[in-house]
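For reference, the chain that follows is the form predicted on its own, supplied as structure tokens.
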């Protein structure tokens, strides 16, 4: 007998992580597609998941057996500050619609994507999985943060009440191909790649804001994708799991700038504007639980991952999100 068919639905399938999962499914010998699996990458064009009827229609169409839930309303700092209610409501509705239908349609497993912003603003470091609900999140994006925390609450409640196998993971800073390279509304690495590219094109200085001293843990999107697939297949708990490089692989923002300059072959003036704020010095997360469960996992070295991202940027510079 051939194995029963699995239909794995990936919401938010056209974003940075969704595209990385698609790449891994098609290309990775260990974490790629298995016999009997059908992978469906859902985009916002396929359905508005804020709408209960549209969400139900997607479940009726595809009848998923497993789900990786990435879809969310996301925005930058100023967007969140101006519309905390909108981020709270839209994400609550998206998550409620997806999980409710997953229960109704008998989905075997759901892995939802949270964010490190769920952690308390005032906390000790390194942060770990036990700290999610130990204090209020940062005030700037409390709407989005609380909506993401509620996924963990719903996962536990669905498990307690109905025995559903719904869990979540918490990635640290993600970067890679298919990122948002907008100069204002992007995360630090794609924004700096675009800025360096323009400096190179225009023969102007590449100026980075702040001192370059803050430290961050960056995870390559394709490594994160492998860990999402592993979580779907192997992670047994309902409690969230941090997906991150080890603490000792934190890199400074200056190291990020240096690596971008090298990867892009930029030879112009490169300096730091120390009149600009640095932001939080560090927000280290522990990956001890992940490595205890998946001890053989190998992360792509930062410079290798950055070179691949820059190469993808250069090949797609005319069509990327910027």
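Everything quoted here is computed from the prediction, not taken from an experiment. Positions refer to the first chain, counted from 1.
The same protein has a further form, the form predicted together with a small molecule, not shown here; the description that follows concerns it.
Contact at 108, 229 and 289 by the small molecule in the predicted complex, all three, heavy atom at most 4.5 Å: Looking in the predicted complex, the three residues 108, 229 and 289 all stay beyond 4.5 Å of the small molecule (heavy atoms).
Interface membership of residue 94, the small molecule in the predicted complex, 4.5 Å heavy atom rule: Yes, contact at 4.5 Å.
Contact of residue 148 with the small molecule in the predicted complex (heavy atom, 4.5 Å): Contact check for residue 148: yes, within 4.5 Å of the small molecule in the predicted complex.
is_contact(residue 27, the small molecule) in the predicted complex, heavy atom dist at most 4.5 Å: Answer no; every heavy atom of residue 27 is more than 4.5 Å from the small molecule in the predicted complex.
Distance check, residue 200 to the small molecule in the predicted complex, heavy atom within 4.5 Å: Flag for residue 200 set to no.
Contacting member of 256, 70, 264, 58, with respect to the small molecule in the predicted complex [4.5 Å, heavy atom]: Here the answer is residue option 70.
The single option of 181, 220, 144, 166 touching the small molecule in the predicted complex, heavy atom within 4.5 Å: Exactly one residue meets the criterion: 144.
Interface stretch in the predicted complex with the small molecule - options 205-213, 191-199, 109-117, 231-239, non-hydrogen atom within 4.5 Å: It is the stretch 109-117.
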